[in-house]
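Shown next as C-alpha cells: one chain only, the form predicted on its own.
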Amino acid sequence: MSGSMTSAPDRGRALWLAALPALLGLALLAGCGPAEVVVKGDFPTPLMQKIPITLGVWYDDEFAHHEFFEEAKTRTESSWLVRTGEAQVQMWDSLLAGMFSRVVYMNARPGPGQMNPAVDAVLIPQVQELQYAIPAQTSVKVYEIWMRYKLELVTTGGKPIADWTMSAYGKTPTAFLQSDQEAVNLAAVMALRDAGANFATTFTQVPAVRDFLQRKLGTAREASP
C-alpha cells in the first residue's frame, strides 16, 4: 500500500499553520490605531510695521494641545488623529512677535484678581471649528483643511475689548507626496499660514479693535512731550 497517512494531531497542526497568516493579519488590523499626524512646519515672522502696544497672549490648554479626531466611516477608510496644538502656538508666536512692539505671555487666563504682567490688552485665540476633506481617490493625495477661530481681546482684568471670528483655509498644493500623512500635514501648515495672513491684515480693521487702538495710541501721543 503506497502513500502516507496524516494523524489527527498532525492534521490539526497543518490547519493551524495554514490559518496563521490570516490570524496574524486580523491581529495587526485589530491593533492598528488611527493615522496620526503631529503638524510641523515653518512659520516666518511677518515683516511689517509693528503696532506700538504691549500685547499679552493667553493660550489655554485646549488650544496649546489642540487636536481633532475623525473616525473612519467605512472599513476601507482610515481614522485620523491630527494634532495641531504645537504648530498653532508656533505660528501665533511668530505672527505676534512680528506685529506688536512687545508680546508678553500671561500666567493665567485674564480675570479679576489674577497676578498677570501689565500689558495694554490680552489676546486669547481659540480654535472654534475644524473640518477637512479627503481626496476622492487615495492615489491623489490632495487634502483640504478649514478652520474657524474665535478671537478675544480683553483687559488684564478679563473685561472684553473685542471679540470676533476668523476663518483659515489650507490645501495640499501638490498630489506628488510620499504619504497621506505628509499631505494632511502640508494642508494644515497652509491653513495656519492663511490664518496668520488673515489676522495680520484684518486685526486693525475689526471695529472694536480699531476704536481701542485709537484711544490707546491717541492717549500715548497726548502724554508724550
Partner chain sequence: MIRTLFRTLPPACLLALASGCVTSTVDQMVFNKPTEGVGDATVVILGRRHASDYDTEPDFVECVGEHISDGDGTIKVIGELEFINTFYPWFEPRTAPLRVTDLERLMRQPPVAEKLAALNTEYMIWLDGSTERTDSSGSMTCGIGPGGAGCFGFGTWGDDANYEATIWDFTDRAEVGRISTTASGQSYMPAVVIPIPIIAPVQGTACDGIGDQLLQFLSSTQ
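For clarity, every value in this text was computed on a predicted model and none was experimentally measured. Positions refer to the first chain, counted from 1.
The next section is about a form of this same protein that is not shown, the form predicted in complex with its partner chain.
J.: Check each of 197, 38, 35, 64 and return the one that places a heavy atom within 4.5 angstroms of its partner chain in the model of the complex.
T.: Of the listed residues, the single hit is 197.
J.: For the chain seen here without its partner, which of 39 to 47, 157 to 165, 65 to 73, 52 to 60 has a heavy atom within 4.5 Å of its partner chain in the model of the complex?
T.: After filtering at 4.5 Å, what remains is 39 to 47.
J.: Is it true that 90, 102 and 188 each have at least one non-hydrogen atom within 4.5 Å of its partner chain in the model of the complex?
T.: No, because 90, 102 and 188 lack any heavy atom that approaches its partner chain to within 4.5 Å in the model of the complex.
J.: Heavy atoms within 4.5 Å of its partner chain in the model of the complex: does residue 106 have any?
T.: Contact check for residue 106: no, nothing within 4.5 Å of its partner chain in the model of the complex.
J.: Residue-level question: is residue 130 within 4.5 Å of its partner chain in the model of the complex, judged on heavy atoms?
T.: No, residue 130 sits far enough from its partner chain in the model of the complex that none of its heavy atoms falls within 4.5 Å.
J.: Since only the chain is shown here, I'm wondering whether residue 153 would be in contact with its partner chain in the model of the complex (any heavy atom pair within 4.5 Å).
T.: No - in the model of the complex, heavy atoms of residue 153 and its partner chain never come within 4.5 Å of each other.
J.: Would you check, heavy atoms only and a 4.5 Å threshold, whether residue 201 touches its partner chain in the model of the complex?
T.: Contact check for residue 201: yes, within 4.5 Å of its partner chain in the model of the complex.
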